[in-house]
Structure formats: structure tokens, C-alpha cells
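This document opens with one chain alone, in C-alpha cells, the form predicted alone.
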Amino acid sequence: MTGGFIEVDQLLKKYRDGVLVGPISLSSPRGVIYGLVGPNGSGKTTTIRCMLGLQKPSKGHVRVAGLDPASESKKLMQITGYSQELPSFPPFLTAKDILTTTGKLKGLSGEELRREVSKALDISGLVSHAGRRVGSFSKGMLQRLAVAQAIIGDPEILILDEPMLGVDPAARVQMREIFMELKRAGKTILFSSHELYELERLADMVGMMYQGRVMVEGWVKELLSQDAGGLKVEAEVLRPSLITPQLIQSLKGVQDFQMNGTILRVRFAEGLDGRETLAATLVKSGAGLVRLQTVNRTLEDLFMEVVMKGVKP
């Protein structure tokens, strides 16, 4: 164990049908947004349920804020807010009804309850919909209501399973704003997703899961700054017909390249910066260089590298 605020150490879960998830290890500090990413069936929900004490690991250890979810679930739930994948609510209740009931179940009453419900509605952007029956809510509004329900009682930790699943682009922007406001308030947020683009924009740290294991974990900025796979360059030219495979392959360190219309993409060997040579070659060939820029590495690039290699990068 490395002493993270949220810590999973060699978690292994074996189901009766023989399905095995793990071993899984991950660690999140306090006060960050941690994104757990992976395709459906990779073990994200199992990991989250073990963090909350909703399932017991077959082997391994889990600690959240120093608590063991298996034996201290009541204490843990006092400081943790949770939203499940694909939340559902009684359609005849209003948003305010649901949040008020949630607050009562958490032991709130009187002015404290009213204050918490009001704050949750405000943060989630549902104030104008507080008296509306949730049966008429869109998917995005239901996801925002699920997060509002999770933050009732001002929990220190938020664990959210696929909070952006099925929401439209406008709702995604609203969800990002909610997450960032909660982070500014000092919350520790762990959320799962299979949307790499969203994690890249939101998460401070990421754990990439594949086939029941965390294949790579780290700070997003550090992972994307690594030069794994070599430098990638994109060039726009005026006369692409003058660019031949032999011309590009003659350059030192070229690993592969693609030509798509007027756009040339080239990947050089690790540790080699061939931008200057490429620019000079394109100009000399008469292709007419319009622009040349480095293509930033993305979490999608990293995830595909991990899947192809089957090992940590």
C-alpha cells in the first residue's frame, strides 16, 4: 500500500460463474479528480462496488480515507457520496422530493436539510426544475440529479459510476462545470467512464483498465508528456501529388506515415526530432509547406498502446 486517500491493493474478485476480475491496484491522493477508464466489462463497476463495501473482495485490500469498506461501511458512507451507473428514480417524484428524501436518509432535518437540498440543486443546475417530476427529465438531467443526490450532506468523497453515460454534448459541458466546482470545494472525486476524451479534459489522474486489470496509472499531464511511440508530426501541403512514399521513407527515423488529401502525418522513432528535416524536404520537393506542427498525444493514443502491448508503457 502506498498511502493514497483512496487505495486498492491487489483486489481480486471471483464470481460464482467463474468470472475473475483483478488483481487491481490503484491509488488516488486527496482532493483530486481520478478517472477510472476502460471498456465495458473491464472491471470498473466491480472496483467501485468494492470501494463502497457493496461487494467484498475475494482477495486484496481496499481503503478509503483510512477505512475498510468491508467492515466500516457505515462510517464510510457518512463521508462518501455515490451515484450508480444508469440512475433511475420514481417518475412521479420531483427533483426536490428525491433530494429531500435522500437528505432525511442521511440524518438531516430542519434548516440543515433545506440548506443542503438548495445547495445540491444550485450546484447541479436544477434549481429551475426542482418542482418538476423526474419522469420528464432528459438523460443529462437525470445524471445531474444523481450527482446532486450524491453531494447531499456535503460528503468529502464522491464516487460516481459512469456519470456521463448517454448524455448529450450540452449536458457534458454542464457536468464538467459541476465536477470542477466540487473540486474547488476540496472534494476528492473518483469517477468511471469509457469516454477517454472526457477524462482527458477533467481528470488529474487516470487509471486505465483492460481485461480486469489496471494497465497504467498516473497523472494525466505526465502520461501525455511521455514520448512513447515517437514524435508525431502533421504537415499541410499545397501539392500532395509531389509527395511520394520514397521521399518520406528516405528521411532518417521515419516509422510510419499517412497521406490524407493535403495532410501528411509522420511518426518518427523515439528520441528523434525530425521536424526540421521534414520541413526542408517538403519545401525542396515543391510540395509547398503550409504548416507543420506536433500532434499532441492523447489518452486514446496511450490506451491503444497499452492494449496493443499488453504491458505498462
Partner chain sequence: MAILTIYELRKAMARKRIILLIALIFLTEAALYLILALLPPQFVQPFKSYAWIVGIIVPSTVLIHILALTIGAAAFSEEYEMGTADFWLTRPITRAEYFAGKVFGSLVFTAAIVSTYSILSLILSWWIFGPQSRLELFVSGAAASIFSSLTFLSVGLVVGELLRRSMLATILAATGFFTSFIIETYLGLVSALTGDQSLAEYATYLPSWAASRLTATIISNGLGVGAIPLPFFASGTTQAEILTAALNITAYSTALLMVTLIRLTTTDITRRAA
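Residue numbers count along the first chain shown, from 1. Heads up, when I say rigid core I mean the largest set of C-alphas that superpose within 1.5 Å between the two forms. What you are looking at is a predicted structure, and each value in this text was computed from that prediction instead of being measured.
Not pictured, yet referred to below: the form predicted in complex with the partner chain.
93 is the sole member of 93, 242, 185, 127 with a non-hydrogen atom lying within 4.5 angstroms of the partner chain in the model of the complex.
Put simply, of 97, 198, 217, 154 only one has a heavy atom within 4.5 Å of the partner chain in the model of the complex, and it is 97. When contacts are judged by a 4.5 Å heavy atom cut-off, residue 78 counts as touching the partner chain in the model of the complex. Contact check for residue 49: a non-hydrogen atom falls within 4.5 Å of the partner chain in the model of the complex. Heavy atoms of residue 105 reach within 4.5 Å of the partner chain in the model of the complex, making it an interface residue. Looking at residue 56, you'd find a heavy atom of it within 4.5 angstroms of the partner chain in the model of the complex. The putative spot formed by 89, 101 and 149 is fully lined by the partner chain in the model of the complex; each residue has a non-hydrogen atom within 4.5 angstroms of it.
Residues with any non-hydrogen atom within 4.5 angstroms of the partner chain in the model of the complex fall in just one of 172 to 180, 230 to 238, 116 to 124, 80 to 88: 80 to 88. With the core held fixed between the shown form and the other one, residue 93 has its Cα displaced by at least 2 Å.
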